[in-house]
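Taking the form predicted on its own, here's one chain by itself in structure tokens.
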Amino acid sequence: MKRLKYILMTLCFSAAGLLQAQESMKSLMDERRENREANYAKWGPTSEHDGMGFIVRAGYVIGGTSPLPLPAEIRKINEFSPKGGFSLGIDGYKYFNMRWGLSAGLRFFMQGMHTGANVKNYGMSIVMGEDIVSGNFTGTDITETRMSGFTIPVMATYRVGARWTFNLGPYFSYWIYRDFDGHVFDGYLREGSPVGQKITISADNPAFYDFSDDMRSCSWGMEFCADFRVREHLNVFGLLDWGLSDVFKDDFQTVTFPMYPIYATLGVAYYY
């Protein structure tokens, strides 16, 4: 009997301790949840399904227009420098809870690059006197690209914490200005094909080309953006626009591989 009584008392004390531990754990979890919600409320929309507003963004644009992967025709990149421009725009957002939401925006941008490369059998159409000669060029190629226009991104938004926000989704761009030109030298052009008539092009007398009229007016791709809140209404951000469409029109046959616009923007944003 005494042993049974001891076992029952032990079970009662264990159950009481377990209930007390559960209450303590529940209280701790409630406190953490309240602190988390208070922290989220301090830095942005809460979980009350009314998180709406907009973000004004301004940034510096770097990047370039490139084939992916680099084709065999491009043997060596000798120089590269982004023709950095700027981006200015506004994003509207709607949160459905503390973490998930949607955003859409409208941005004006300027972007471009300067690059020099050694190429072999590179598709080319050059101006020689009053004529345009097409063929395969081997030598040094200098290219400049410049574009400006508007981008519309539509993205899913996820808050990793009270101060970090990630956005991912498709974008659509319209170029109001586009330019793709350059010159070639220190080599030769095989007119018409890799075994065509050889035309020597020296460094003292380079040949020029301009493919601007062969560029599309629209582009699309995926955008990734990361925001970090440094003050209650001030963000620093980095975003990447990864183009998935060729910058040239479908009927353009001179450059035999697609070229994709890949540009990043670093800047600051005011969060309303």
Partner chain sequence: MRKIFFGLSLAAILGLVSCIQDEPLNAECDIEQAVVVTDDAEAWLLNASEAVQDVPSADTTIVFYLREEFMDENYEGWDRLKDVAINFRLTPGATITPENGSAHDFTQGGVYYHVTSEDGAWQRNYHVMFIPVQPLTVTYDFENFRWESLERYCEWFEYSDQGNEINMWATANPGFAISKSSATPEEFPTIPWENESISGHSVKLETRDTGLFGVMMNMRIAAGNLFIGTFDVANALQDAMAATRFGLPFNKKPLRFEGYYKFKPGEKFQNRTGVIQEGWVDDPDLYAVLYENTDENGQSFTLQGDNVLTHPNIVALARVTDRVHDFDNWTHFDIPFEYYKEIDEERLKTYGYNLSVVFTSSIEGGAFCGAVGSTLLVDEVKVTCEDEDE
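Residue numbers count along the first chain shown, from 1. Quick caveat: nothing in here was measured; it's all calculated off a predicted structure. Here the rigid core means the biggest group of C-alpha atoms that line up within 1.5 Å when the two forms are laid on top of each other.
Although it is not shown, the form predicted in complex with the partner chain is what the next lines describe.
Peer 1: Considering the partner chain in the predicted bound form, find the one stretch among 173 to 181, 119 to 127, 99 to 107, 150 to 158 with heavy atoms no farther than 4.5 Å from it.
Peer 2: Stretch 119 to 127 is the one.
Peer 1: In the predicted bound form, does each of 146, 251 and 253 have a heavy atom within 4.5 Å of the partner chain?
Peer 2: Not a single listed residue reaches the partner chain in the predicted bound form, so no.
Peer 1: Within 4.5 Å, heavy atoms only: does residue 74 come near the partner chain in the predicted bound form?
Peer 2: It does: once the partner chain is placed as it appears in the predicted bound form, residue 74 has a heavy atom within 4.5 Å of it.
Peer 1: Would you classify residue 207 as touching the partner chain in the predicted bound form, given a 4.5 Å non-hydrogen atom cut-off?
Peer 2: Residue-level check for residue 207: yes, a contact with the partner chain.
Peer 1: Should residue 243 be classed as touching the partner chain in the predicted bound form when contacts are defined as heavy atoms within 4.5 Å?
Peer 2: Contact check for residue 243: no, nothing within 4.5 Å of the partner chain in the predicted bound form.
Peer 1: Answer with yes or no whether residue 114 is in contact with the partner chain in the predicted bound form, where contact means some heavy atom within 4.5 Å.
Peer 2: Contact with the partner chain, no.
Peer 1: Mind listing which residues of 201 to 240 have a heavy atom within 4.5 Å of the partner chain in the predicted bound form?
Peer 2: Going through 201 to 240 in order - heavy atoms within 4.5 Å of the partner chain in the predicted bound form - the hits are 202, 205, 206, 207, 208, 226, 228, 236, 237, 238.
Peer 1: Following rigid core alignment, is the displacement of the residue 198 C-alpha between the shown form and the other one equal to or greater than 2 angstroms?
Peer 2: For residue 198, whose C-alpha is compared between the shown form and the other one after core superposition, the shift is 2 Å or more.
Peer 1: For a quick test of reading the superposition: does residue 178 move by 2 Å or more at the CA between the shown form and the other one, rigid core aligned?
Peer 2: No, the C-alpha position differs by under 2 Å between the shown form and the other one.
Peer 1: Tell me, please, whether between the shown form and the other one the C-alpha of residue 123 is shifted by 2 Å or more, with the rigid core used for superposition.
Peer 2: After core superposition, the displacement of the residue 123 C-alpha between the shown form and the other one reaches the 2 Å mark, so yes.
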